[in-house]
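One chain is shown next in structure tokens, namely the form predicted alone.
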Amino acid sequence: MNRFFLEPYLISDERVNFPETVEHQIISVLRLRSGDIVEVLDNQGCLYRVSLEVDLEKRSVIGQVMTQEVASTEPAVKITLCFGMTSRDKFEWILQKGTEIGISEFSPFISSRTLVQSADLSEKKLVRWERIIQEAAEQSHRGRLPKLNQPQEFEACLNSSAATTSLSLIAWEEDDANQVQVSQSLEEFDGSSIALYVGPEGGFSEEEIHLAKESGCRVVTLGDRILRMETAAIVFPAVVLHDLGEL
């Protein structure tokens, strides 16, 4: 069944008003017609099953709400993925696949070894990335759209997650006396949010790991094999969600 995320104000009195872009998608791309059923989400936790009324002459679509329920596909634990700024292709792949597996928030950062050293993003790029997230969320039946934060310096990212999450884990490929397996780090976890840090292509420096430890991050290993950053950015949250019974 086709899914669409819409602004809550478009859903009122059991009636759904679709924006022009969605009307075009329904009529010209999906070729849906009157009587077809779609699912609409308000990004606030509600899912509506909606019967379409399609006017081909006016190229307009109205929806009639049939049922309303709570979206049940969101993980109970909020995962924030903090990862180094990288090339456009890798960045977009991480957004797409991360959304599919259940990441709730993306927080890109700039560190000493990130390929991209600027936090400035064009409005055009942000719109494209948010569209990638929305399409992935609709395809994978997410109940809410993951949030994409503005890039920030690594230390600022650490401070932010320390203040807003129950636990912060940082994956590091080097040997560390205090390093543990991901499952060990979650043994006594009973919070509602976790921040996961994945380094850039060149990895984290020892100074950055020291800074992360000082902010409260716990260093973990993803195994004996060295993963590419874009691989680690998906494997890490997938392992955490699996160990929490959310995957």
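The first residue of the shown sequence is 1; numbering continues from there. Fair warning: this is a prediction, and the values are worked out from it, not measured in the lab.
The discussion below concerns the form predicted in complex with S-adenosyl-L-homocysteine, not included here.
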Pick from Val239, Ala232, Val22, Leu10: which residue has any heavy atom within 4.5 angstroms of S-adenosyl-L-homocysteine in the model of the complex?
Ala232
Out of Leu52, Ile27, Leu47, Leu222, which one falls within 4.5 Å of S-adenosyl-L-homocysteine in the model of the complex, going by heavy atoms?
Leu222
Only one of 149-157, 96-104, 135-143, 164-172 has heavy atoms within 4.5 Å of S-adenosyl-L-homocysteine in the model of the complex; I'd like to know which.
164-172
So in the model of the complex, does Gly202 come within 4.5 Å of S-adenosyl-L-homocysteine, heavy atom to heavy atom?
yes
At 4.5 Å between heavy atoms, is Val198 in contact with S-adenosyl-L-homocysteine in the model of the complex?
yes
